[in-house]
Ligand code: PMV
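Next up: just one chain, as C-alpha cells, the form predicted on its own.
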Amino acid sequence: MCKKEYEAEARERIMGEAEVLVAASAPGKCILFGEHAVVYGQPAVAVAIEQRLSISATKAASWSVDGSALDPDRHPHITMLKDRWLSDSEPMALHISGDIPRASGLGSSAALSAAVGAAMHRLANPSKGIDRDGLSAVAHRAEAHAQQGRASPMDASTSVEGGVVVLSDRVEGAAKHLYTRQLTTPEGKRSWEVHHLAPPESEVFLVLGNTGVFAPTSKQVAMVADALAAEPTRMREIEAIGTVARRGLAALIDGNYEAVGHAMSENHLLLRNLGVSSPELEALIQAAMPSSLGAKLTGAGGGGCMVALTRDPKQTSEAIELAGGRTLISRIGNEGVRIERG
C-alpha cells in the first residue's frame, strides 16, 4: 500500500469511529549511518520513512491494548506514558494499526511511543499543540526503560520530529540544533546533541528489505555492550563507525548521493565486523548492490531490515524480493508525529 492510500484508509477508519477520543500517528525510521555506535556518543543519521503507526483511544471499562489488558511487562512504553500524563484518567482501550513491521529495525517501538505520547498529551492538555521537545524526551526514556537502560534518542527524535535527524557529540553547524539529550546507562553517562536537517531534493529512494527474522533491539544492544566489555579495544570499531557517519553526513548535506551510498556500504562492513549482521541480511544486501548506490543493515541487526539507496527502486525492490526479502519503498525524510483526531 502506498503512502497516500495508507493515510486515506487510516483517516477514514479513524473518522468512522464515533467513540474515538483522540488519534495520532508517527513514522518509522531508517538509520543511514551510525547504529550501535550512537549508543556510545558517536554521530548518527536517521530519516523518517513513509510507513507509519497509528493509535486511537476509546472509552473502556479497563485499560487495554488491542483487546489485551495493559501489562507493564508487555507494554512498558505505553505504561510509562500513561503514568506520565493520564495516571488519574478514566480507562481507555488503545487500538494500534500501521505498516511498520515489528522488531525489524524500523523504529516501530519509537513510533508507538511517539503516537501514544502525542495522543495522551493531547487528552491531558487539549488546548496545547504537540510539545515535540518534551514528547521526544519522554519517548526516549520509554525506549531506554524497555532496552535495559541503553538507548540513544535517535529513534524517538526521528519519529517525533520527522525529516532527517542527526545525533552528534557536538553541535553541528550545518544542521538545525534542536536540544541536548542525556542518559545514564550501565556503561556510564551519555550525551547527544540532536539536530534536524532538510536533505537536498533528489530522485533517490530508500528500498527497505525485511528478512522476516525477529531481532529484538534490546538483545542486540546488550550483545554489543558485552563484547565491548570483554574486549575494550574494540571501542575502536565504534569510533570508526562514527568517522564514517560524519563523512556520510557531509555527503548528505552536499547532496552527493553517490558518496552517501558509499558511506552506507562502508558502515555496513564495520557493523558486520562488529557481529550484528546475519546471513539473511547479507543475502539481501548482496542482491541489492548491483542496482544501488549503497546498502547496509539498518537498526540493531541480527535480522530485521536492510536498506538500499537507489535511483531505480523498482529494480532494487525486485532483486531483494528474489533473494527472499519483503520490501518497502520510501523517500528520504517524511512528516513526524501528528494528531489525526481530537
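In this text the structure is predicted, and so the values were computed from the model without any measurement. The first residue of the shown sequence is 1; numbering continues from there.
This next part talks about the form predicted in complex with the named molecule, which is not shown.
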### Query
Quick one: of Leu206, Met92, Ile130, Val221, which gets a non-hydrogen atom within 4.5 angstroms of the named molecule in the predicted bound form?
Val221
### Query
Exactly one of Val38, Ile285, Leu32, Leu53 has a non-hydrogen atom within 4.5 Å of the named molecule in the predicted bound form; which residue is it?
Val38
### Message
For the interface check, one of 168-176, 193-201, 259-267, 104-112 should have non-hydrogen atoms within 4.5 Å of the named molecule in the predicted bound form; which one?
### Response
104-112
### Message
Is it the case that Leu81, even though its partner is missing from this view, gets within 4.5 Å of the named molecule in the predicted bound form, heavy atoms only?
### Response
no
### Heavy atom of Ser136 within 4.5 Å of the named molecule in the predicted bound form
no
### Task
Answer with yes or no whether Asn210 is in contact with the named molecule in the predicted bound form, where contact means some heavy atom within 4.5 Å.
no
### Message
With the partner left out here, check for me: in the predicted bound form, does some heavy atom of Gly299 sit within 4.5 Å of the named molecule?
### Response
yes
